[in-house]
Each structure stands twice: as C-alpha cells, then as structure tokens.
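Below you will find one chain, with nothing else, as structure tokens; this is the form predicted on its own, and questions on how it binds or moves follow later.
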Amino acid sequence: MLARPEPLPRSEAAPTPHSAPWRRLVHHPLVWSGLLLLMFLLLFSFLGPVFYHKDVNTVHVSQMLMPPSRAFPLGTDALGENELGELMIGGQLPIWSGFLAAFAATVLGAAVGIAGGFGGRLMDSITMRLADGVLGVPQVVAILLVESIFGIHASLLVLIFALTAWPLTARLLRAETLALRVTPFIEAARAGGSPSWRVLLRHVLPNLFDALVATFQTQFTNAVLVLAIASFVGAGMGAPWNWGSMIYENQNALLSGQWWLIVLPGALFALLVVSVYLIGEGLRAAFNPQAELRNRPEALS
C-alpha cells in the first residue's frame, strides 16, 4: 500500500541548492523524452506542411489507395491524396485544441474545487451540487446538441469540453484542499493572523501542484479522445483534416487491407498523449520529489 506523503509548509518545502526543482527538471529523462516527442509532433504538424505539400488536397484517381512507397512515403487515401501531407495538416487541430481545452477545464475546475474546499461549508455545498449537475451531461451529447443548433467549430468545441469536463478537476482539488485545511502548518498560519489569500497562495497552492499536473494529464487525454469521438460521430471540427476525422472516414480500411489509413493517425494520437504524460510525470517528480519516492520499492508497505 502506498503511504500518502505529508504536505509541507512553503518554507520547509523549499529545495536546497543541490536539489533545486529546476535542476532536477532539466536532468529528468521523462521530461526530455516527452519534450522530444512533443517537439517532433509540433514540427511535423505545423512546420512540415510549409516544406512538404506534394499532392495535398489534390485528387488523383489513378493513385487511389496506394500503399507506402518511394513516391508516397505513407501511401494515399481513397481519393489519391497524399497521406503524409494530410497527416501533417491533420495534427494541427488535435494539438492546439487539446491543450487549450485541457488548460481551460483544469483552470476552471481548480478554481471551483479550491473555492469549495477552502471557502467554508456553504461554498462547498454550492460548488459540489453544481459539479454534480454538470456531470450528468454527457460530453458527446452536448457537442451534438450544440452542433445541431449553432453548427460546430473548433473553438466552440473547446468551450463545450471545458464547460462539461471541469467537475473532474474540481472534485480532486476540493478533496486535496480539504485535506490541507486541517494540517498543522495551515492551522498555525491562520491562527497567527495570516489572511486567507496569503495562506492560499503560500501554503495551499504549492502543495496542490502534484494534483494540478495529474488532473491536467487526465483532462488532456480526455480532450483528445472527446475531440476524436466528435469526428467519429460526424461532428465537423472546423478543419479540412484532423487525425480524428481521418480515422472516421477510413474506419473500414483495415478490413480492406489499407492499414496505413487507420494505424498512422491512431499512432500519432497515441504519441501525443504519451508525450504529455511523460512531461507531466517528469514535472511531478522534479517539483515534488515525494511523487517519485512513492514508486520506489521501499515506499511500499
């Protein structure tokens, strides 16, 4: 069983010069692995189309469904369009919308969760009942409903995700904040006359860093999946191509032997999620060494 680490007051949590968080971050292998993966995807999706645009958005009937070759390194689709160029352009929407949606859901959920956990019984009751109500709305149903009324665009899809996903973060941050409220160093700070905002900024928020990173990782994974599912069910996402719509349009390709039409966008989706996970784990280990200690054999009981 993993032992829950005790939260530390800001003064005690400050690292020594020989174990500074930034020094651990720079040398952490998970951070470098995740950054390299993410950098590859960013260059591939945003810089790649600038230099490589061969037969993109061009229909060639004689080149339909060609397997990977020297002329077409990743093959062609059912319209004879170059799959490599489509994959480059198709990564732009999942990357920026995934990060923006996860960030918005994390910030909104953290604000509500911390307010509920630190603001007293009435505030806690109001925020949690609001979270329960939002949790009852399926995200994909909300997307389809908004699409049927207003039409769907990428920015609107990000907004819908944030407005329906924040309760996950709010519940986690509320639980962590309630646990921190009863720790001796916070009770001492409040008894010493420190205003609530100072206690929140100096003692509560620094000890919530681990939970914030963890919930952002989860929100990002969920955002990427929801954006993909929106394409699977036919919701337009405001872009000519994206990895989700490519999978949706070629969902029967495996049965016909055109594996590259499904495997390649799916693999890029997986690499995107893995890169964020590796960076998040590296951040947690660098700025909260206790998170890394939990995974060591001697931390098990």
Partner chain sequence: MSGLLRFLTGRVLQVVLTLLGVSLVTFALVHAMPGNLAQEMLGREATPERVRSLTRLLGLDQPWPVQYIRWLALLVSPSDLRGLGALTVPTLELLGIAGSVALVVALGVASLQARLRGSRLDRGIGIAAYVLYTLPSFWVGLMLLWWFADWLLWLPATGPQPAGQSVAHWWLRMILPVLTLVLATVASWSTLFRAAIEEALRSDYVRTARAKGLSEGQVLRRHALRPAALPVITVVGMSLPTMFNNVVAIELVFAMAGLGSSLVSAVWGLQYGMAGYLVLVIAAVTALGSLLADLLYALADPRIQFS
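The structure presented is a predicted model; accordingly, all values stated were derived computationally and were not measured. So that the term is clear: the rigid core is the largest set of C-alpha atoms that superpose within 1.5 Å between two forms. Positions refer to the first chain, counted from 1.
Only in words, not in the display: the form predicted together with its partner chain, which the text now covers.
With the partner omitted here, the stretch from 94 to 102, 131 to 139, 179 to 187, 207 to 215 that lies within 4.5 Å of its partner chain by heavy atoms in the predicted complex is 131 to 139. If you check its partner chain in the predicted complex, you find no heavy atom from any of Leu42, Ala115 and Ser155 within 4.5 Å. In the predicted complex, its partner chain sits beyond 4.5 Å of every heavy atom of His203.
At the 4.5 Å threshold, heavy atoms of Ile262 reach its partner chain in the predicted complex. Using a 4.5 Å cutoff between non-hydrogen atoms, Leu38 does not count as a contact of its partner chain in the predicted complex. Mapping the unseen interface onto this chain, Ile149 counts among the residues with a heavy atom inside 4.5 Å of its partner chain in the predicted complex.
Taking a 4.5 Å heavy atom cutoff to its partner chain in the predicted complex, the contact residue among Leu108, Leu159, Leu145, Leu74 is Leu145. In the predicted complex, Ile247, Tyr248, Gln251, Leu254, Leu255, Trp259, Ile262, Val263 are the residues of 247 to 264 with at least one heavy atom within 4.5 Å of its partner chain, listed from first to last. Once both forms are fitted on their core, a CA shift of 2 Å or more is seen for Leu254 between this form and the one not shown.
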